[in-house]
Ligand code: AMP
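Listed next as structure tokens is one chain, alone, in the form predicted alone.
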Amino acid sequence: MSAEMLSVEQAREAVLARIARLQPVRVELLESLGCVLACDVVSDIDVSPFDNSAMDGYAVRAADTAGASVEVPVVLRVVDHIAAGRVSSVRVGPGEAARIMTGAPIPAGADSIVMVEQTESLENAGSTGGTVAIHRAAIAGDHVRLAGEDVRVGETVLHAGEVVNAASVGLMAALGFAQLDVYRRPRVAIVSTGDELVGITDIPGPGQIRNSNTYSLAAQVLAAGGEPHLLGIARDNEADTRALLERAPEFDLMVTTGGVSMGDFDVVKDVLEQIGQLDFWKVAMRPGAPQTYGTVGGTPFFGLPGNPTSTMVGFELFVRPAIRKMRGFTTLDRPRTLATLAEDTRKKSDRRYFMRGIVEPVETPPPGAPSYTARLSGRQSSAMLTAMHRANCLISLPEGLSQIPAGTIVECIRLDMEEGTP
């Protein structure tokens, strides 16, 4: 354990170097949505498996429609009416057409489809034995979806490392995959610490507050793709804290909130040193300099500060990337946007600040200026959640600066965007 206060970058590097991707697991098709594929998916069929119509209309021989127009239509005899799911036993010959629905197999002899909008019903045109007027000449292949046009048998349609989206699910369903191998979602244990905490439905007594941090953390875990497990409240004594922290090996990752500062009753750090390994516990940042990281029984452990905003910011910077790495993602961080600071801001020069802010587009930025502005979303106390609630970004203000005037170009971490979005 190092007593040195690390930079944010050093702390993140130390964390992510120790986080491993979880083992793959086979899940039902819909459960794979949003997960990272653990193996290639190879098709054992052609998609589509047969030539079929892309339109409602008439299957024809293109040569029979040569010169057709509204003024001079070509009249063909209707020899069949083919619904989707039915294979026609009739061959379309010279001067003939087959009424056909979208998705129905192309009958033998036909090489193109004329859309119903480009035809006129004559005698019983919708049924066998009638006639239809064709108002537009067809070209061979018009509105015909060929077998294997989308996917060929033996083709790798999804690769290991891809993220499953809604289109992926549909494609897998078309290929007959009811289950997929993906990197599983980490099981994340959540512990809040403090004698002052009561349940969220309790009426706080003197000196008490509701345990909101457990729920904000659980929501962040869910949003990051993990499975939150709420273990309850550890009171400010070693026995109670130890009893909950010792459960860490039951999970893939443990997050606590509170008990990591320098107070007389902050015992998380001491207990971690007794039952696990403490790698660091101070980061040169605000809010949330007391950021504890280590392991308990091989399970990664994050001890976040107790102030609500400090907890959420610490999660964004350290825990969220760790969860994504466990899930098999290679893009771990939310998008960054450069913006022009809209107001004068002050800070201590010895650490990185992450101010809760609102980034907004500018219709006509000055030449050379970013296309966004950023302003604070409210009061920046780490005990207050309202500014965090309003924020769509964290405005990153680097070390070495104490006065940041309006007009300064700053980097904003986009809380309103998922990783990998532009």
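Keep in mind that what you see is a predicted model, and the values were worked out from it rather than measured. When you see a residue number, it is the position in the sequence shown, counting from 1.
Just so it is clear, the following notes concern the form predicted in complex with ligand AMP, a form of the same protein that is not shown.
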Inset, instruction - Please name which of the stretches 281-289, 75-83, 114-122, 303-311 has residues with heavy atoms lying within 4.5 Å of ligand AMP in the predicted bound form. - result: 303-311
Legend entry - Contact assignment for ligand AMP in the predicted bound form, among Ala174, Ala108, Ala147, Ile209, heavy atom within 4.5 Å: Ile209
Legend entry - ligand AMP: the contacting residue among Asp142, Asp266, Glu96, Asp252 in the predicted bound form [heavy atom, 4.5 Å]: Asp266
Inset, instruction - Indicate whether ligand AMP has at least one heavy atom within 4.5 Å of a heavy atom of Leu197 in the predicted bound form. - result: yes
Inset, instruction - Answer yes if any heavy atom of Ser192 is within 4.5 Å of a heavy atom of ligand AMP in the predicted bound form; otherwise answer no. - result: yes
Inset, instruction - Determine whether any heavy atom of Gly258 comes within 4.5 Å of a heavy atom of ligand AMP in the predicted bound form, and answer yes or no. - result: yes
Legend entry - Heavy atom of Asn213 within 4.5 Å of ligand AMP in the predicted bound form: yes
